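Next comes just one chain, in structure tokens: the form predicted on its own.
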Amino acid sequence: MANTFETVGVVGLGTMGAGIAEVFARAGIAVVGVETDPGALERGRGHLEGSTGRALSRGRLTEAEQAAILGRVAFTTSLEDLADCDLVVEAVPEVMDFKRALFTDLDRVCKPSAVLATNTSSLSVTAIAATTTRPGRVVGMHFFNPAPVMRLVEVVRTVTTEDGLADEVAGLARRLGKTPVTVADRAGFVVNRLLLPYLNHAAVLLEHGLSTRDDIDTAMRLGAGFPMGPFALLDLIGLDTSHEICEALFQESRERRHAPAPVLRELVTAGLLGRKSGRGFFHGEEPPANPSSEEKPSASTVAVLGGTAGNGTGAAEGAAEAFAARLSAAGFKTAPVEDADLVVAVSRTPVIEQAVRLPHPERLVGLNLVGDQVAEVASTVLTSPGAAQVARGLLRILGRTPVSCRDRAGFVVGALLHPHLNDAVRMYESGYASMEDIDTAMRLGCGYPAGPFEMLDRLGLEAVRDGLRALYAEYRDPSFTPAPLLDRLVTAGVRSIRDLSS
């Protein structure tokens, strides 16, 4: 018999749990909210009243609707009051011992037909289920914060979950007005398993001196089209939460990219947790909308060389010629390489080998045009600071936002984006989740303008594959090797990876 889920329990009424209780109550479902003591219970009631009160003040709820929502939630400090619930969702802190102890108690209290769900964002649902006598009735139901607003719910099935149960829970999520994606039980599920290695990798590149905090954030926001840069997003998520998720990923995979970056560990140890503590990667200040524009071009002549035409976002062939034409149209004088004050090598690969062949290698910078807004300015070990400064000023006049970086494979955008997309291919290739669900999860869970597979098609499978090969050749990190599926598709001449799911 299909589950009806008419009465739902929520254990833990912090910001997340109270939001989950509100979501169920808004859908007309009776809720039993449980907290550990009267003080925590009143704080949970306050979260629910505050959230619905804000919706009322903004005209999104009427007074009658707010009263009906609040009237559907019963507050208690006793787990015994969950005895008749059809579903219980746990939303306590992300500590495995807490969750396992709670599920042991829920297994004792709840009726045998009840479904027990954990809202964990990264811990093993299988390990939690194993503490009960009903592992087949245990699933993950991961809401995103703020739960009343965010549309995504990750429904996590384990190897012991009863057939059809994950589909029933996904149907419940749709009843709540959410968009469910159903995935297997792996640390981080879809969103955190893809997002946190990317964010952690940004922290590693910062430590390695590839670029600055602000330039990396600018590159990924304006160049890759992400809604936030990685460091602004880490501060928003919370550095302690991010560290915990990376640890969970590393414990499962043992991949170097999943090990928390040392700077992340140091900030957490120092209590600098991001916005929640007032300081993290940013020191209380708002991330800049655009970096400083103080640089002024002082070169009277510029030479433009073609490296590997194009870049990691799929610029057309002939980027060097197009850039030279743009310079001329803006009134800049071009000159032969030996006479130019500034030499620009338009390339998506490192340019040091071009620099050493020039009479004045200190005048050369690499230039990677990313999308319509960003230009990565790569300095080799021979590039003079003055040449890089002149290049940045010149680019601003041309309407581009310059991002300074070292002359390394992938520069900034490719070094971060290509491994991120490769992880998505590996996830699909393993049978862990569908392309459609992965794309949906990243669009709804992270606000991406396009899902990973949509990005892959836009950038070009071969460009991403070649970018990964260059990263592996430089860093020798096994996680940078192209996913076997990606390699095979390029070899076969397939243009769209999404053709596989049609």
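Residue positions are given as counts along the sequence shown, with the first one as 1. Computed from a predicted model, the values in this text were never measured in an experiment.
The discussion below concerns the form predicted in complex with a small molecule, not included here.
request  = Flag Arg137 as yes or no: does it have a non-hydrogen atom within 4.5 angstroms of any non-hydrogen atom of the small molecule in the model of the complex?
outcome  = Arg137: no, not in contact with the small molecule in the model of the complex.
Exercise. Is there a heavy atom of Val374 no more than 4.5 Å from a heavy atom of the small molecule in the model of the complex?
Worked result: Output for Val374 is no: heavy atoms all beyond 4.5 Å of the small molecule.
- How about Gly12: is it within 4.5 Å of the small molecule in the model of the complex, going by heavy atoms? Close contact exists here: in the model of the complex, Gly12 approaches the small molecule to within 4.5 Å, heavy atoms only.
Residue-level question: is Thr62 within 4.5 Å of the small molecule in the model of the complex, judged on heavy atoms? Contact check for Thr62: no, nothing within 4.5 Å of the small molecule in the model of the complex.
Check your understanding: Of the options Leu56, Ala40, Ala473, Ala68, which one has a non-hydrogen atom that comes within 4.5 Å of the small molecule in the model of the complex?
Key -> Residue within 4.5 Å of the partner: Ala40.
Exactly one of Asp185, Asp86, Glu168, Glu94 has a non-hydrogen atom within 4.5 Å of the small molecule in the model of the complex; which residue is it? Exactly one residue meets the criterion: Glu94.
### Message
Residues Gly17, Ser121 and Phe143 are flagged as a possible site; in the model of the complex, is every one of them within 4.5 Å of the small molecule by some non-hydrogen atom?
### Response
Every listed residue reaches the small molecule in the model of the complex, so yes.
Sort through 429-437, 453-461, 31-39, 473-481 and report the only stretch with a non-hydrogen atom within 4.5 Å of the small molecule in the model of the complex. So the stretch in question is 31-39.
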